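Only one chain is included here, represented as structure tokens and corresponding to the form predicted on its own.
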């Protein structure tokens, strides 16, 4: 039986009351949305209840890729409008969500396990029905397991992409050999004073301080040595950058020669023809991002959108647009030609080469360490 006849029979059973809405959605799934074969069914399933879903993300190239490759095609296929917003920072957005009416915010593009744990701790999670998200079977277990470590009995998000915060350097001034020899310590090398950059994020600064002092980022024993390394970087750096656009500008204009940077942004610079190298030193900062469904949201409509976004055609197109590898397992899905060339890409599907932050360790120290970092920024 071809798909169109199969769906007609399912729709007939749904109309007759033989299938409830959840069973209907679970049977038809959403994978076929990418091919346009489910349009009338998705529209009927949600027409009476849901007209729009709100999605909030980081803005810039990420939002552009989502809108072009995911949201607009999803709306065309389902009739559900995706209203997308942006937020400048995770802390500000979380405060907005906590003070909002339940259901005002639906899906958030969060910074992986850090934010996942915080949202769960504030009781903002839901229980997703993974039967409605069959494309989750294509996602790397290594990414999903990180969230199950926080909520073993359920998931409130799906992993979507990953990357690293490694060392970015201008090859006109720093060779590949030098970056590998010095590693993270190049960010506190006196000979590059005034040509060093860094992200104004306390977690990143502490992570690299741990590497510079020979410590594990997930078990920093000598905190004073780490703070001293941060002070050394502060005094040598031209400035802290606050956005991906600023990072790219500083490197492209040669205002700085070396900084830690986000792998996708460096890939974009390389695509533009800039001779910027990228190197992940041992225990480089690996991270993942997720699509988190917030308490009070129309969960089934959100599940439909998540499954559509995880469909290989959609997920790969978004990944190519924003230069971060998708959460899809490359041993299960043909990811095309570009994605295997991206910085941070792991062909094994295990991510064993990457080091991820322990959310319990880092979130548990957030209040003290973020406050101390603020003082260090001011010169103390």
Partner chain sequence: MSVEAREKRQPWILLSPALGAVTLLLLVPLLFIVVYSFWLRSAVGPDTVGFHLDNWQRALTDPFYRYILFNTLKIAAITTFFCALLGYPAAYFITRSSGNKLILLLLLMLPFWISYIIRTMSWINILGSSGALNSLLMSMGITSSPVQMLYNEATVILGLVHFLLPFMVLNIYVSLDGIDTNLEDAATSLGATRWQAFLQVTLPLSLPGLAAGGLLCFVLGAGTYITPLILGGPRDAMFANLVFEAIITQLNWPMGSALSLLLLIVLGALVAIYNRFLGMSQLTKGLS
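Please read all numbers here as calculations on a predicted model, not as lab measurements. Numbering follows the first chain given and starts at 1.
Note that the form predicted together with its partner chain isn't included here; everything after this is about it.
Residues placing heavy atoms within 4.5 Å of its partner chain in the predicted complex fall in a single listed stretch, namely 116-124, out of 211-219, 147-155, 116-124, 283-291. This chain appears without its partner; in the predicted complex, the one residue of 202, 87, 227, 192 with a heavy atom within 4.5 Å of its partner chain is 202. Proximity to its partner chain in the predicted complex, defined as a heavy atom within 4.5 Å, singles out one entry of 295, 239, 274, 182, which is 239. Using a 4.5 angstroms limit between non-hydrogen atoms, residue 98 touches its partner chain in the predicted complex.
In the predicted complex, its partner chain stays beyond 4.5 Å of every heavy atom belonging to residue 299. Contact check for residue 94: a heavy atom falls within 4.5 Å of its partner chain in the predicted complex. Proximity of residue 250 to its partner chain in the predicted complex: non-hydrogen atoms within 4.5 Å are present.
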